[in-house]
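In the form predicted on its own, a lone chain appears below as structure tokens.
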């Protein structure tokens, strides 16, 4: 079977996914658009508007993609449901209707465990009880491939989820197409390896890899996204569309192999504990790398949960100084701001950035950046006001003040028993009649 990667994060490009769907002969196309903070921010949007919380770019992605994918028989799987998978499913169904397409949308819910979370449990990062970090606003369990299989069994053209572990988004369609059992650890390990290599899309085709003169990547401006040809035994060949930019080499594959892996002997997912030490990457043709050798051990007994909490408000401001003595005046401005804010209890960071000039500080241009984390927006605004006041109360020649205050959602993790998660699949139909 052949599976492609159409997005590696929420802000990823859209056209490479359309090109893959149109020309790569795919069975499945996965769009991974969710990070820990992304889903917490989605929960915030949903609190303000019950119809929001899904990926805000869903419409922009699916409008050009779905007509092509459905025409080619490519099943689309994505976590763009974020904090509101059902609303994402309804929007997707409406897009199909709008395009006059007949299709089935399956929505997987159940990753939201906020109402079942024991706030006395410690965070994995610091051992402090969850409740002591601040008001908890989201808790999403990382679902595995087992939760996705019932959605795939519905025969859906599009499957939407919230929080699912990134490699699991790929493992599930692979296992579903090839008829793998999810307790077949060697195959589950092989499918998880494929998912890990594809989950960041362009990173395995030269994105986040290029370094001119050291690691050259051809035509980076037209970076093609990857696909994998997966054999029934789990060996796979990573490739990209001919005529697209980027490259697939043993080097790009090895870099992605270790991406976000803290322990190569035990990469834990909801589906398997993956051992990467015997993985082999072989260049078998131009832009084709065969991968094999993943080893798997039984899956963890508990599921990881990403917990979002209100962590305060961040103030970030800046002012520019130019001309003779610019750095000297910027440093004086930093001293003024930190002195004025002394005694507020805020931890203020002030730094001078940019072209500081050489010995004797000739003419140059630099910017004072001030940042602080405050417990409330009023305290954060105080920091911004002090920077703005430098216009007429600070060193000579300051200009270009920019200020920004926004709430910070902190992220920590914990574990929950698998029994705490109750998943459900909802099927929505588009009948092909244009609205």
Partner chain sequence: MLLHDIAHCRAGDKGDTSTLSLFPLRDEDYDLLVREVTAERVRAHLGVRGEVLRWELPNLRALQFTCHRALDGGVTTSLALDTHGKTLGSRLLAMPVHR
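Residue numbers count along the first chain shown, from 1. Predicted model, so just to flag it, every value in this text is computed and none were measured.
A second form of this protein, the form predicted in complex with the partner chain, is not displayed here; the remarks below concern that form.
- Look at 330-338, 146-154, 229-237, 200-208: in the model of the complex, residues with non-hydrogen atoms within 4.5 angstroms of the partner chain sit in 200-208.
- Just one of 297, 120, 277, 342 comes within 4.5 Å of the partner chain in the model of the complex, counting any heavy atom, and that one is 277.
- For the options 405, 68, 409, 401, the residue carrying a heavy atom within 4.5 angstroms of the partner chain in the model of the complex is 409.
- When the partner chain is considered in the model of the complex, residue 100 lies well away from it, no heavy atom lying within 4.5 Å.
- For the chain shown alone, residue 283 is not a contact residue for the partner chain in the model of the complex, no non-hydrogen atom being within 4.5 angstroms.
- Among heavy atoms of residue 263, some come within 4.5 Å of the partner chain in the model of the complex.
- A residue is said to contact a partner when one of its heavy atoms sits within 4.5 Å of a partner heavy atom; residue 37 meets this definition for the partner chain in the model of the complex.
- Residues are counted as partner-facing when one of their heavy atoms sits within 4.5 Å of the partner chain in the model of the complex; in 303-335 these are 309, 311, 314, 316, in sequence order.
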